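Shown here is one chain on its own, the form predicted alone, set out as structure tokens.
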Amino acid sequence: MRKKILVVGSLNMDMVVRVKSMPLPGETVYGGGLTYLPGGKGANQAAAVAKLGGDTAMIGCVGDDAFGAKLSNELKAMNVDESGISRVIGVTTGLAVIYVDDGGGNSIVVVPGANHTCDTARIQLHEDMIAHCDYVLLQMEIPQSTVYNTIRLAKTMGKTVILNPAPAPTFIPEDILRLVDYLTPNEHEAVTLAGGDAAMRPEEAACILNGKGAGKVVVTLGGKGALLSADGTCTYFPAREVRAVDTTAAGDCFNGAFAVALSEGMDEARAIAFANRAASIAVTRAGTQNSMPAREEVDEISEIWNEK
């Protein structure tokens, strides 16, 4: 029987602008087009789980506007249980303005909107969804207090918690870190949370986070892959080499795929390798939720990879 994954987090409408290169402060550049796409780290990760064959539900908030309706309907069409998504009267849906350059890099400005109304009281309204899941996957685009209280509640119910600390706060309380089963920052977020500077290596940051209470830290390294730091050991997992078109949702794809793999009984090494392969597909496509690969695509790459 498939284990259920509950995603608690943000939903945004993404305004994606293609540019030749990122504008410098005070500089005006021409955009190559404007596209509206469903996004938000929470919704992206729920979409990744669903498209990879996971049994998923989501808790979050949207506004009572056309964007909110579209975001909920998009998830429903992907077989995500969206009954935990609240439409908040008098509030706009979250919005993200994303600049994507010719090299596939991105710069993002987020206007939280309804995501900031996703408080602990709304989570408590859907305690049954937490009770009936096996894994809880969270990010940091809703209020920190909501994230932390959801983690506490999930652990009292014996759930496996995956926290993707993005965007990274300056620190996470150690009592919270001790409740997180898997902390999944990217290398910059790991350094921020560890209190380091630009010279700090990601494995050093991961070890510091282990020392602060995080039992297992998975750091994503972009085109270099990912590392797992646990029990005093750091293990690297290389990425599949591809030509990146848009890296916007790569981390969300990784996290969704990692959760799916764990829910299917894979150990951490196999789960990270699976997530690396899924993300390697997502970065070859423009967009966010629409860039998430189907399970068949990842399995096909897995077969080829295993033959090497």
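In this text, residue numbers run from 1 along the sequence as written. Please read these numbers as outputs of a predicted model, since none were measured by experiment.
Below: the form predicted together with ligand RIB, not depicted.
Visitor: Under a 4.5 angstroms heavy atom criterion, identify the one residue in Val161, Ala230, Val110, Ala168 near ligand RIB in the predicted complex.
Guide: Only one listed residue qualifies here, and that residue is Val110.
Visitor: Wondering, does Glu82 line up within 4.5 Å of ligand RIB in the predicted complex on heavy atoms?
Guide: Glu82: no contact with ligand RIB in the predicted complex.
Visitor: Does any heavy atom of Thr248 come within 4.5 Å of a heavy atom of ligand RIB in the predicted complex?
Guide: Yes, Thr248 sits close enough to ligand RIB in the predicted complex that at least one of its heavy atoms falls within 4.5 Å.
Visitor: Might Gly256 be said to contact ligand RIB in the predicted complex, defining contact as any heavy atom within 4.5 Å?
Guide: So Gly256 does not count as contacting ligand RIB.
Visitor: Find out whether any non-hydrogen atom of Ile98 is located within 4.5 angstroms of ligand RIB in the predicted complex, and reply yes or no.
Guide: Contact check for Ile98: yes, within 4.5 Å of ligand RIB in the predicted complex.
Visitor: Given that the partner is absent here, state which listed stretch (39-47, 65-73, 22-30, 52-60) has heavy atoms within 4.5 Å of ligand RIB in the predicted complex.
Guide: It is the stretch 39-47.
Visitor: Going by ligand RIB in the predicted complex, which residues of 126-158 come within 4.5 Å of it through any heavy atom?
Guide: Result: Glu141 alone.
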